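Here's a solo chain for you in structure tokens, the form predicted on its own.
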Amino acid sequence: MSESKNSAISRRSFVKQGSAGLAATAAAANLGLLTTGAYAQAGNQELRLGVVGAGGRGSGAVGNCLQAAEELGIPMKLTAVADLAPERVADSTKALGEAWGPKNRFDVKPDRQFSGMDAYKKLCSNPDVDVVVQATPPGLRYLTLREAVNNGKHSFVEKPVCVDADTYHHVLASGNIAKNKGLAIVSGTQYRRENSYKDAIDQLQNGIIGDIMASYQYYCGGTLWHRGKGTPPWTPMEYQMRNWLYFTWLSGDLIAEQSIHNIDAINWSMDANPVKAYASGGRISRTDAAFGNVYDHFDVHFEYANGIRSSFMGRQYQGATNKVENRWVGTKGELYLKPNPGRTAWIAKTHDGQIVKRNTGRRGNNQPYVEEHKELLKGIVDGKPVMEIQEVADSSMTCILGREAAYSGKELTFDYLVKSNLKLRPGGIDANGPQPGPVNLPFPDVRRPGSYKI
């Protein structure tokens, strides 16, 4: 187990908040051990929250974070909102103000509402922000994370955190910067905070079905939203940004953007990343050019160092039978898990069908979307910032491995992909964000297996 995984697990046991802890934090601040943005709960000081990416997930994460602060008794307010689209800034600010203003947890002034391509920079450099929720398209999260840590801000980063080898290395480097500055980074792999889901993984690792021999993961759902072309028509950049689901350089494709939860569960249960992947995929239901260059289905076989294989199926078909579940097969039996935030249920059986143990997810469970923010805030307050970028980056890269194996039609190894020069973003966007002038943004081709090479 990596050091980062050990640290993440040990931090699940929250330290009780009390006057002694606050005094220690205040002392650390007086000694200069905390960065300017690393706002520990010294005295009765207030944490200030900003969000980059004010769509549904970003606004939802803000609500989760403020609810976590409320439940922990931590003074915190939303102070800044940023998004590419000015109407989303306005709509999100209005809705969040109505929800949290009466609770005295909202203070977004007009001069802290930012829109446009550089909105994330303005928010991250704002002195009235201590914690940044980052819910931009996945292909841009390397930018927002680097900007946040360079400005001394704690971060909540939605999953996946990268879409290729280049952004994988970027976010790991940002993690090192944050660690050296004493900053926290928590990711949106919320099932790692749900009691019943954690219970299932603990049972697997403690041998409830014997040694794991294989696993099967499914994320088969319906089609998702499309924003159209805009009125008047958006520029190619704005069109792709607003319809980011359908462009691999922004979303990582459905296997990364949506299915990472199931694939993360494989790595979590195995306490390892796969060695290699062999896959197929394509688009047979969602074929119109409006849907960019992503696939609508994937079938991936991952193999781990001990020879254990895991099969993943993911698709987005309208009108088809949906299936979202995980299944592990061991030497003594099988464990079935049905993910459902706050209600995840699982059952372990012997090979002849006898129930060994089950968890209905109805008792003793929690709200994982809130728990991940509790862990973030509690770590800040207690002067023990959580750092978990390695786990989510590795699971993001595992998704990318499956995607690239399907795109290329080749069997690929995890190490090969990590060391590759795979970089999807168009020319004109680098570690400092979009550059002045037009960005080279052709409409990308759909990858054809057998002809595509990385």
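Just so it is clear, the model here is predicted, and its values are computed rather than measured. Counting begins at 1, following the sequence as shown.
Form predicted in complex with a small molecule: not shown, discussed below.
Look at 347-355, 153-161, 291-299, 309-317: in the predicted complex, residues with non-hydrogen atoms within 4.5 angstroms of the small molecule sit in 153-161. Looking at Asp264, you'd find every heavy atom of it more than 4.5 angstroms from the small molecule in the predicted complex. Using a 4.5 angstroms threshold between heavy atoms, Gly188 counts as touching the small molecule in the predicted complex. In the predicted complex, at least one heavy atom of Gly58 sits within 4.5 Å of a heavy atom of the small molecule. Among heavy atoms of Arg141, some come within 4.5 Å of the small molecule in the predicted complex. The listed set Lys378, Lys198, Arg88, His170 contains one residue whose heavy atoms approach the small molecule in the predicted complex to within 4.5 Å, identified as Arg88.
Checked against the small molecule in the predicted complex, the candidates Ala135, Val108, Leu335, Met76 yield a single residue with a heavy atom inside 4.5 Å, and that residue is Ala135. Using a 4.5 Å cut-off to the small molecule in the predicted complex, each of Ala54, Leu84 and Glu257 places a heavy atom inside that distance.
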